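The form predicted on its own is given below as one chain in structure tokens.
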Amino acid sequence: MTADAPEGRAGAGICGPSATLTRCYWQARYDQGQTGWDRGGASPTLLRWLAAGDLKACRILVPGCGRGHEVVALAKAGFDVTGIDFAPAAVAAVQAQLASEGLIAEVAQSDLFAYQPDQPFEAIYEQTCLCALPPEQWAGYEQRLAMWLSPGGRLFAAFMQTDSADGPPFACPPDAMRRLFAADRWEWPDRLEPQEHPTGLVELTGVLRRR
């Protein structure tokens, strides 16, 4: 995220004081160019998972896909990929990227908590979506992720690390993540690998399996 404005208030002048973290809030971030989370390309960890064969072509979901760099990379690699985002500007950017490269993917402009796919996914790529949600919504989001994944499906995750109590981005420390993605429903990797985020923060990355 950028430091141009307090994270919880960016866009309030356009959307009104109650618009924090709504579709209007996120659209305003794009309208004002406050998209410091955007790398301008797919995440290095996603590319490493693809190159190593850890992530192979399948039906995959990218929630909170933003401008869709990962959606494009996955479509290029032969995945049946679906991206979701709250902001119309983000969805338009993904669609434009796909069209410019002659690629096909499904892109939905939707509230995550209203999204209902026709069938489960074999994998989900989760990055900068969980940390964009207020912590009081995390349990509901975890339930959605579990519902969207087939049993045995895998969650390719990047958990944001920050010392700030404010957000977005909200801190996703490992102990809180292990409580959220509890062992009765999720199988964890032996360790999480660090990845630098465009903001200068660090994400801890790993692959969880849906039991």
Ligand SMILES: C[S@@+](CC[C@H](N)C(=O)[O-])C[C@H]1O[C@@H](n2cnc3c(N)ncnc32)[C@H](O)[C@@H]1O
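Everything numeric here is computed off the predicted structure, so don't read it as measured data. We number the residues from 1 along the sequence you see.
Another form exists, predicted in complex with the named molecule; not displayed. Remarks below refer to it.
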**OP:** Would you point out which of 97-105, 73-81, 131-139, 116-124 contains residues with a non-hydrogen atom within 4.5 Å of the named molecule in the predicted complex?
**Re:** 131-139
Original post:
Pick from Phe181, Phe170, Trp37, Phe159: which has a non-hydrogen atom within 4.5 Å of the named molecule in the predicted complex?
Top reply: Trp37
Original post:
Is Leu145 close enough to touch the named molecule in the predicted complex, meaning at least one heavy atom pair within 4.5 Å?
Top reply: no
Original post:
Within a 4.5 Å heavy atom cut-off, is Leu61 in contact with the named molecule in the predicted complex?
Top reply: no
Subject >> Contact of Tyr30 with the named molecule in the predicted complex (heavy atom, 4.5 Å) >> reply: yes
**OP:** Check whether Leu112 has any heavy atom within 4.5 Å of a heavy atom of the named molecule in the predicted complex, and answer yes or no.
**Re:** yes
Subject >> Residues in 47-72 with any heavy atom within 4.5 Å of the named molecule in the predicted complex >> reply: Gly64, Cys65, Gly66
